[in-house]
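Okay, so here's just one chain, in structure tokens, the form predicted alone.
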Amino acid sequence: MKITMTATIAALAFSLMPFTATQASPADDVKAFQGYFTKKFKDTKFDDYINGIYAIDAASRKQWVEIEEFPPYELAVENGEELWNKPFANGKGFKDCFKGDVSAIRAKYPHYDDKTDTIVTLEGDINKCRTDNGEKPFKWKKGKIADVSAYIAYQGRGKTIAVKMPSSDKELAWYNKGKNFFYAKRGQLNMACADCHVYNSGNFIRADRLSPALGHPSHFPVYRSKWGSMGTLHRRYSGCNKNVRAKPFKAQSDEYKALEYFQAIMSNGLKWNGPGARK
């Protein structure tokens, strides 16, 4: 059993490593990544991976279902809707930046923009909308930006995660940057994102089980009981880096944008279901 598990992990790691002699394509990566989890957690339906740890741990799921009866993110969604409809000083508002049906917005992010050669995130465009209209940007990790993001995410629930596969050299460079970040060791504990959320997913860390990485971006922003408030995906990235005693990068840094891009691509085919509630 030990030999089989070691071989399985080694095969996955090899297929997903960012720098190999015969590098796998993003499509190959998605197949290997999703296949690993569907084999590891055979009783979990693919569509359920949007629910994080609650997809694989029955005890945690029971508590979560009870919490969802009175979701702690409801106030954030209401505040976000109010901010969405509130005009800026120049008379314009978010509706003028995010044109069209609000329910279609969440599924457009993240994406690569060839004009600026960067990954565009939902929170990035929320603040760009403000600064383009002469308003001060929101703080990146929590507060009003999480509220607006929560409102947009709530309206976009049920849309499919369908990030365009990278094809150009510049797109692939961003993809590989995120992929490398996900598998690279860091911090005093010398751990990677994959150590917890791929290889040890489902195992206990103290009193909690580690969630599978598949579907991670789907439910953000989230209300965490630990925080007592809403937070963006990049706030969570920062916390994870601190947990392994690594200096975190700034929210919306190239490192975190690339990581979000990679993780969203790995979750292609699932549904967006934010905002969420987590421990």
Partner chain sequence: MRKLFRKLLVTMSAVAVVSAVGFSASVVAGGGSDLEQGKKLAFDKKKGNCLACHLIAGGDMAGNIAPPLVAMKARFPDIKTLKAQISDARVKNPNTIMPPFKPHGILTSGEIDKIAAYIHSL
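Positions refer to the first chain, counted from 1. Being a predicted model, the structure only gives us computed values, none of them experimental.
As for the form predicted in complex with the partner chain, it is not shown, yet the points below apply to it.
J.: Only one of 102-110, 123-131, 180-188, 156-164 has heavy atoms within 4.5 Å of the partner chain in the predicted bound form; I'd like to know which.
T.: Contact-bearing stretch, as computed: 180-188.
J.: Quick one: I67, F70 and E78 and the partner chain in the predicted bound form, is every residue within 4.5 Å by at least one heavy atom?
T.: No, because I67, F70 and E78 lack any heavy atom that approaches the partner chain to within 4.5 Å in the predicted bound form.
J.: Identify which of W140, W84, F98, Y199 has a heavy atom within 4.5 Å of the partner chain in the predicted bound form; exactly one of them does.
T.: Contact residue from the list: Y199.
J.: Just to be sure I understand the contacts: of T116, N90, S168, N203, which is the one whose heavy atoms reach within 4.5 angstroms of the partner chain in the predicted bound form?
T.: Answer to the contact question: N203.
J.: Is D195 near the partner chain? Define near as a heavy atom within 4.5 Å, in the predicted bound form.
T.: Yes.
J.: With heavy atoms only and a cut-off of 4.5 Å, decide whether R61 touches the partner chain in the predicted bound form.
T.: R61: no, not in contact with the partner chain in the predicted bound form.
J.: Even though the partner isn't displayed, in the predicted bound form is A55 close enough to the partner chain, meaning a heavy atom within 4.5 Å?
T.: Heavy-atom contact with the partner chain at 4.5 Å: absent for A55.
J.: Can you tell me whether A246 touches the partner chain? I mean in the predicted bound form, with a 4.5 angstroms heavy atom cut-off.
T.: Looking in the predicted bound form, residue contacts with the partner chain do not include A246, since no heavy atom lies within 4.5 Å.
J.: Though the partner is not shown here, which residues of 210-227 have a heavy atom within 4.5 Å of the partner chain in the predicted bound form?
T.: Contacting residue: only L210.
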